[in-house]
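Take a look at this one chain, the form predicted on its own, written out in structure tokens.
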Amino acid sequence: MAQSLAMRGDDMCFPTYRLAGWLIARDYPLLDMVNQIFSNAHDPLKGRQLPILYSARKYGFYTISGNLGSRFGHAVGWAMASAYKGDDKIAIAHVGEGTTAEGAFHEALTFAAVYQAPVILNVTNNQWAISSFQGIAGGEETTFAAKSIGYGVPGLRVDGNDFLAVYAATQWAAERARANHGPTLIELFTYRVAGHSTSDDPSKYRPKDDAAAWPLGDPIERLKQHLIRIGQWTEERHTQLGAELADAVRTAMKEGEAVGAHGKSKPDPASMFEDVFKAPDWRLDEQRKELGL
């Protein structure tokens, strides 16, 4: 969320599936998010993406890909295109620390460095790539930020649970990119408290009390305490805001369920032929006729 606020509205984010906060920070409708999760008749993506793989170009949010390694390459290409057009729009991308051990990570850094792409490349080091500890990706040898050095790219390691630190680092990297000084790699050092997914049981590969012992704490609680200390927030307002947000989520869920959930309401099958090519293609027309759509 801090990075969303630090970037301009016409910049483009190439996210992972844990960046719903980017959309929320930019007032993307909660109901649209819910309808996409349900893949119902009002799904803005017409049922073409898996749940939580959002896409919202107007909100600077490029289509999420389940193949996370692709994020960096897409972002670098988009940033290069922006530079070629003479724009000052920049791109920002995110991968997990495990992805740094894949070829796509290094290919993207090569292109970004050689062509001075106006891009911010983030490595979210939550210390667990599914069930593989970050040491498997080289995290025990050096920081992930240090991987940028061999490419001549600045690398920053930031406390990923510090809202203000993340905002400041992103702002610095954005100003640098817009001034035509090229890419920046940021390692966001954090911790994945929950499982990788609902099918994952983290107690199988780490101590159950591991999260409680992690020293950097909850980012929301830290920001709340900071704002209270400087007189910009109160416990009462925080409690009130929490209740308002919970009510907004419940309302959106009910509205989405009213449209249809659990396969009870689906997008129009004929929509599969739309938005495929810029101009109609005869092959699609033939296929549509064969299906009687």
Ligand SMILES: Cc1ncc(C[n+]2csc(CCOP(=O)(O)OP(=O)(O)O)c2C)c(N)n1
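Please read these numbers as outputs of a predicted model, since none were measured by experiment. Don't overthink the numbering: it's just position in the shown sequence, from 1.
We do not show the form predicted in complex with this ligand, though everything after this point is about it.
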The single option of N161, S82, T143, N126 touching this ligand in the predicted bound form, heavy atom within 4.5 Å = N126
Which of G242, P29, P51, G66 has a heavy atom within 4.5 Å of this ligand in the predicted bound form?
-> G66
So in the predicted bound form, does any heavy atom of R283 sit within 4.5 Å of this ligand?
-> no
Taking heavy atoms and a 4.5 Å cut-off, does I220 contact this ligand in the predicted bound form?
-> no
So in the predicted bound form, does H196 come within 4.5 Å of this ligand, heavy atom to heavy atom?
-> yes
Heavy atom to heavy atom, is V114 within 4.5 Å of this ligand in the predicted bound form?
-> no
Stretch in contact, per heavy atom within 4.5 angstroms of this ligand in the predicted bound form, of 66 to 74, 233 to 241, 260 to 268, 43 to 51 = 66 to 74
Are there residues in 73 to 110 with a heavy atom within 4.5 Å of this ligand in the predicted bound form, and which are they, in order?
-> G96, E97, G98, T99, E102
